[in-house]
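The chain below stands alone, shown as structure tokens; this is the form predicted alone.
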Amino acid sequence: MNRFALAFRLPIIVWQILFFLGPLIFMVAMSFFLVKNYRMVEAFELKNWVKMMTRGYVWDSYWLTLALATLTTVAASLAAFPAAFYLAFRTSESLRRWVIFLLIIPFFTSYLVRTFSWYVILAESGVINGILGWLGLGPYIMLNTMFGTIVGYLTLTLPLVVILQTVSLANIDMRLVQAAQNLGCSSARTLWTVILPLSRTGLMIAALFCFILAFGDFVAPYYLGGSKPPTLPILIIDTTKSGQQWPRAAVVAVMMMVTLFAIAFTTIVLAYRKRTSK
């Protein structure tokens, strides 16, 4: 290996070892510890894994978190695509840059602050119920529900998904789109046979980022969803508060990491897989 190239790669390698691989190994090791008299003891036993894996509430939280993250990913991807399509094909490059800049601005504000702002909008006496009441509808309970959780997840993920989809669609060679139209393809067929396959990688990566953020988010299900039933991040907090059971919380964290690794690896393989010619 070229020493010059290795010197450039060394900082990121050291960074990953110190701040990702090292803590991950420690978390896996901690899941085998035991808590005695509110203190962790290096025992390297499977009691924590047996305890957590045989509890129905753990698996209920797991499937709930997986379902909510999947639903958020589908909703964000579908909601973002029309906006991304318009920005990529119907606007000038200058306007597109400004819109992307405006989409980045929400990330300058604390996600917790943005989440709390939904209290005013979703409350029984909030903005939405006020409008519905003017129409003779409602009021509807939207806070402390799964709907509130999804709204919080979309607040976190939707701007990022729009940005990633826009970048992916904007990089499509327009000559291929024009060629399909010149050959008689309708707009729907051009979208299905040309645009979607060419942007597949970017769309799937955007969906992957959305899933990762939603799967690991604690703020939305806690403050907008009421934390009941708990998602896995909330379960981790509850477990650490129960007798300082950090090893059992580590078991849940490892479950989350394994799930994310499996989904991320599968998505990346599918995203970059070359299409086989028929």
Partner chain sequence: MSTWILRIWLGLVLLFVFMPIIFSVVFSFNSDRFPTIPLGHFTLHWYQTIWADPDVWTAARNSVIVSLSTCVLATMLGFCTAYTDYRYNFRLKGAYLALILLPPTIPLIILALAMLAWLSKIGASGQLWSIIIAHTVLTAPFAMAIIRLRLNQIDQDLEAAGWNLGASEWVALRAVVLPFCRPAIVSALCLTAAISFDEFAVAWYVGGLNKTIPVLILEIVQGNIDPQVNSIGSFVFLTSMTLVVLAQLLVFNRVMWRSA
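Positions refer to the first chain, counted from 1. Superpose the two forms; the largest set of C-alphas matching within 1.5 Å is the rigid core. Worth saying up front: this structure is predicted, and the values here are computed from it rather than measured.
Missing here is the form predicted in complex with its partner chain; even so, the following discussion is about that form.
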Next on the checklist: Even though the partner isn't displayed, in the model of the complex is Gly216 close enough to its partner chain, meaning a heavy atom within 4.5 Å?
Outcome noted: yes
Next on the checklist: Can you tell me if Ile263 lies within 4.5 angstroms of its partner chain in the model of the complex, counting non-hydrogen atoms only?
Outcome noted: no
Next on the checklist: If we define contact as a non-hydrogen atom of the residue within 4.5 angstroms of the partner, is Ser227 a contact of its partner chain in the model of the complex?
Outcome noted: no
Next on the checklist: Residue-level question: is Leu112 within 4.5 Å of its partner chain in the model of the complex, judged on heavy atoms?
Outcome noted: yes
Item to check | Listed residue that, although its partner chain is not shown, lies within 4.5 Å of it in the model of the complex (heavy atoms), from Met142, Ile121, Leu71, Met204 | outcome: Ile121
Next on the checklist: Need the contact residues for 91-125: heavy atom within 4.5 Å of its partner chain in the model of the complex, sequence order, or none if there are none.
Outcome noted: Arg97, Val99, Ile100, Phe101, Leu102, Leu103, Ile104, Ile105, Pro106, Phe107, Phe108, Thr109, Ser110, Tyr111, Leu112, Val113, Arg114, Phe116, Ser117, Trp118, Tyr119, Val120, Ile121, Ala123, Ser125
Item to check | Phe20 C-alpha shift between the shown form and the other one of 2 Å or more, rigid core reference | outcome: yes
Next on the checklist: With a threshold of 2 Å on the C-alpha, tell me if Val269 counts as moved between the shown form and the other one once the core is superposed.
Outcome noted: no
Checklist entry - On a core-based superposition, does Val258 travel 2 Å or more at its Cα between the shown form and the other one? => result no
